[in-house]
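Have a look below at one chain only, the form predicted on its own, in structure tokens format.
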Amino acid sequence: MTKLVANWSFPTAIRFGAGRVAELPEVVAKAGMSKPLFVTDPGLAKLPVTASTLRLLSEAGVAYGVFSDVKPNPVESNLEAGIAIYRQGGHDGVIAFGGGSALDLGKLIAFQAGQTRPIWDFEDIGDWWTRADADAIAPVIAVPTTAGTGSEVGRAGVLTNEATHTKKVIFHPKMLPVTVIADPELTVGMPPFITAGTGMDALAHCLEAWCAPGYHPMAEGIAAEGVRLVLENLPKAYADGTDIEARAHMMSAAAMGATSFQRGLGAIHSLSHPIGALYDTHHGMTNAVFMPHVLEFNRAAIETRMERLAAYCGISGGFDGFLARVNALCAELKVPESLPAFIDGLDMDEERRQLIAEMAVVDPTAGGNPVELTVDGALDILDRAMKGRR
């Protein structure tokens, strides 16, 4: 029987709805910022949606700086560059604007700019977060422009250690943004590939949270509804990027995934992380490639739970019916059939194969997998992903 003891936390204030990005200057003032650093990614920095958002700040008389040296999988050198700009500009907070990479790095800049210890001293291990000077952490306003990671409601950021090629989770409760502006109109410009990849990331978060062991009925309920919202709305948003209702439901699902995965993640993420670190792949799409294979690997432990989830989502056939729906969704969204189809020129010799499996089992998300993830188990899933979906 599950031990009914747990620690629970739920996220921050969210201003949700089309057009609400217009409230950004008010939110900046309420957060006590007089000169925020606007953190985004290099592609988004060039788009009209960013220019129009910055215009809102200028017209309101808000002084700001811009930093956009952010890789799709942020690395320590990105963080160091952002901190240098933050300090040089005399900034007093961060507006994190974009997808998961910009949101994570924005939160990490606000966190680390006032610290004296190396960033790796604050990895999400035990109570390492207590090493930080909490009073030196700057406030963050999060404005997501994709619907996937849910980083806008998270208390952590993912950063790749360039020396070891490993993704690390940096955690502190005060990394949680003080306010989120979730405006689905900002996601309209996402191309289909990004809509698919970010949406599958939201699905992976909700699905792994649903399957994880442990007692957290609130997170379970949020995860189940998040899965339903993705299955019903991601195909619509993919087919028609201007479908604001579908875009809105996907933004909700993304936040729900990040809220619910405090219950745990699993092998989808623990294998996706080393692949992303080693090959710089899109995180959500990497999750999508692994998703059907992890479901099959975990079947014995989750079959009954998946029957309940399938019934809630209106899918007949229990586990098999749900797996078939995931495979059909992958095909509809043009998720690559296999890792070789996803990563151009993939050359995975035995040494690299073993390395990925060993990295997966020590990834912090591995502990939430419903079946204990061993090196042999990780190799099994990896081999399935190399061969592709059935």
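In this text the structure is predicted, and so the values were computed from the model without any measurement. Residue numbers run from 1 along the displayed sequence.
There is also a form predicted together with nicotinamide-adenine-dinucleotide; it is not shown, and the following applies to it.
Contact label in the predicted complex: Asp41 to nicotinamide-adenine-dinucleotide, heavy atom within 4.5 Å: Flag for Asp41 set to yes.
Interface membership of Asp104, nicotinamide-adenine-dinucleotide in the predicted complex, 4.5 Å heavy atom rule: Yes, Asp104 lies within 4.5 Å of nicotinamide-adenine-dinucleotide in the predicted complex.
Contact flag, Gln112 vs nicotinamide-adenine-dinucleotide in the predicted complex, heavy atom cut 4.5 Å: Gln112: no contact with nicotinamide-adenine-dinucleotide in the predicted complex.
Contact of Ala255 with nicotinamide-adenine-dinucleotide in the predicted complex (heavy atom, 4.5 Å): Flag for Ala255 set to no.
In the predicted complex, segment of 25-33, 42-50, 349-357, 325-333 with a heavy atom within 4.5 Å of nicotinamide-adenine-dinucleotide: So the stretch in question is 42-50.
The unique member of Thr286, Ser270, Thr146, Ser260 whose heavy atoms fall within 4.5 Å of nicotinamide-adenine-dinucleotide in the predicted complex: Only one option qualifies, and that one is Thr146.
The single option of Leu231, Ile194, Leu295, Ala224 touching nicotinamide-adenine-dinucleotide in the predicted complex, heavy atom within 4.5 Å: Here the answer is residue option Ile194.
Stretch 59-91: residues contacting nicotinamide-adenine-dinucleotide in the predicted complex, 4.5 Å heavy atom cut-off: Going through 59-91 in order - heavy atoms within 4.5 Å of nicotinamide-adenine-dinucleotide in the predicted complex - the hits are Pro72, Asn73, Pro74.
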